[in-house]
Each structure stands twice: as C-alpha cells, then as structure tokens.
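This document starts with one chain, in the form predicted on its own, laid out as structure tokens.
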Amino acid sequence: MEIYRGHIVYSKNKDELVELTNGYIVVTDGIIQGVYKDLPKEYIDNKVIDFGNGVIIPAFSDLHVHAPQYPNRGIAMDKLLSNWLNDYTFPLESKYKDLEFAKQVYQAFVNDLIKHGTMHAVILGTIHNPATDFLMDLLENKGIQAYVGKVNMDKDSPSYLIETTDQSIKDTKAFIKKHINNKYAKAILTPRFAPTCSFKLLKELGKLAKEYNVPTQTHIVESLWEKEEAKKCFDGCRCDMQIYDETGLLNVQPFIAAHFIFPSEEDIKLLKDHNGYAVTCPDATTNVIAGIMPTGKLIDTGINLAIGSDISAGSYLGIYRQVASVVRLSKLKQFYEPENRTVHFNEAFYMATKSGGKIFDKVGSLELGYYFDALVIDGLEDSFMKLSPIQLVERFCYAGDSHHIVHRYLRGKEI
C-alpha cells in the first residue's frame, strides 16, 4: 500500500473539476482505494509520501499521434495540408522501410511521450510491418496502454507508399495476429483516410474488424477537400462516416475519428450512435490550416471528445498544451462563427484525461477503482500570489513544460 499527500485535481465530469488541498490518495497494487481530505484512522500509522505543494493530476491520453512523423515536429510548417503531406510527410514516412532508422525514432518518441506525461495513446505507424511491430513491442514492454495501427493506403498516394490491396490486407492480418495477446499495446485498423483507400480494401478491413474484434482509427472530414473527395471516391455515400458504416468499420468500438472539423449532421449522428470519438488536434489544425473543430457544438451533442497532439502537423507532444489550445481555438471559432460557443477549461481538461482515457482500462481519473496513472506537477506558483490547485493546473496547461512534471506514475509505479 502507498499513501500520497498533495493537492489533488481531477475531472468528476465534463463540467466539474474535483479539487482537494492537501488531500490524500491511497493506492494498493496500482489501484486507487480512496481519495480523502483527511486521512482515515486505519491508515494513520502508514508511511505517507508527501509531495508538499505539488499537485497530483491524472496522466494524459493522446488519441491521435503519428509516431513516424516525430522527426518533423516543429519544422516543415510552411505549407498547407495537401502540399505538406506530399512534400514533407510522405517522404519521411517512406524512410521506415529502414528498420534501424525506425528503431531510433520510435525509442525517442516513446521516451518523449512519457516525459510529457502521456501514458495512453492512439498511434499511427506506417505501411511497414517490421517498423510498426517494433513500435508495438516497445510500448508493450514499457507498459504504455496504446492502440497502434499499421497504416493502409492502396490508391491516390505516392508510389513509394502505395500498397496493393491484397498485400495491405495480408500485412494487416499478420500485424493483428502477431500482437493479439498483448496486454497493453493493442492493434487498431488504420485506413489513412477515405480517398487513399479503395472500397475493396475498406470492406476487407471490415471483415478483419469483425473476425478479430479490432477497432478503427482514421482521419474524418479533416478538410473541405477531403470531405468532398471522399464522397466522389465512394459514389452514393452521403458523408464520410457512411463509408465506414457501410464497410463494417463502425461496429467495433472505439472508432476514432481524428479531426472531425467539417462534420455533417449525419456524420455526427453516425459517430454518436456508434459511441465513437471525435479527436480535436488544435495545434495541428492551425499549423496546416485545415480548419477548426466546432468543439463547443459537439460537446453539446453529447458526443465523445478527446484531444490529440497530431505530431507532426502538431509541433508539441505535451497534451497539456493542447488543453489550452482547445480553449483558445474555440474562442477564435466563436469570434468568426457566433453560433459556436467557447469551450471552458474544465471541459478541455476532461477531454484530455477522463474522456480520452475511457477507451482504455480505468484511467484518466483519480477516483476509486482507477489505476494510479498520475503526474505530480510543481514549480508553477509565484511567491507573491497564492494560486488554488486548479489555477496551478490551468497555468501548467498554458505555460508549463515537462520539467514541471516532477513525478510520473504508471499503475502505481514511478517511472
């Protein structure tokens, strides 16, 4: 048993943050047994690990990140989405046919995830099985809860990244079977986005989803071009989400819809009906100018929402900074489109922790029965003005960095 003392902040729901000043968390075998303002008498003789003025918060979940794009974070940001992909991103992804290159990148990527307090993630690899296998094994050995996808793309892509349909399915099936007994890092089907996949490929992926009970991640209505191109490529489909519905890819949860910037009402209904997740990637959307998700509107529909760093369209791996950017961009959206409302900090923090964590196993909160996947943040307070624990967390999301994370816990063990 471990007992931790410090300020405590976590999401009760999308509207309410729980705040305890100088509270206690009791943990047994990595699972939270209770959160207390005053330590119960039965624990009074136990050793207490005291974090002083540190604030204990849940570890973060990143529900959309491209591991192979990690070398390009913070560079190559001078083009819009289509040219950015063709001129910078696709050439980089072709390098992952070299397993030694992939190993160097993926080791750095996973270490940086942990450094920034991300203990759970939904990750895209590339079309290359050996490299993506290595990434999967690395996460599994570290104990990071993740969904990892071998990317599928059999049309309208650069020649050096395009697959035949049969080879794409064969490699995907091999990838699933290789990792089917993993405890922490699980396979997820990853058609890149509708215009890069044939109907036959998506139908075959739908069969794999059913056969192996594997969920799906993809990019959905990320840009106005993609929204219209998807309908052109799949004649008769009224919206992007219908393509995945008709190919059977919505039937295994969770379905991860990255970006979801220009959804129709039908897109929203299909995603909600299948309990899917819309993932906003605010820094990415400003870097490549795809558009701004109507986040406030989507919250009000009751749809599941989460946050992604979207490295390397996004340039910073820390999800805490994305929390601040969600609020910032929602204000910009409302300024130009008054029918959209501002997202509050409580809602954005919930998306980055408890909401995103729901697709994993009891993570994203500090409530009874949850895993103690937690961070301790410190060094954010001024000597001349006292801040509340919630204010310290907000400052961390706007002005903090990884050095403010002074302790990291994964299932109760400090890492």
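Just so it is clear, the structure is predicted and the values come from calculations on it, not from any experiment. The numbering used is simple: start at 1 and walk along the sequence shown.
Keep in mind that the form predicted in complex with a further copy of the same chain is not shown, yet the notes after this line are about it.
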Could you tell me which one of R328, K178, K269, K170 places a heavy atom within 4.5 Å of a further copy of the same chain in the predicted complex?
-> R328
The listed residue (I114, A76, A174, I162) that reaches within 4.5 Å of a further copy of the same chain in the predicted complex by any heavy atom is A76
Would A108 sit within 4.5 Å of a further copy of the same chain in the predicted complex, counting heavy atoms only?
-> yes
Given that the partner is absent here, does N287 sit within 4.5 Å of a further copy of the same chain in the predicted complex, heavy atoms only?
-> yes
Partner proximity in the predicted complex: G291 to a further copy of the same chain, non-hydrogen atom cutoff 4.5 Å = yes
Is N22 one of the residues lying within 4.5 Å of a further copy of the same chain in the predicted complex, judged by heavy atom distances?
-> no
Looking at 210-218, 333-341, 248-256, 154-162, which one sits within 4.5 Å of a further copy of the same chain in the predicted complex if you count heavy atoms only?
-> 333-341
Would you check whether a further copy of the same chain, in the predicted complex, lies within 4.5 angstroms of a non-hydrogen atom from each of Y316, M385 and A399?
-> yes
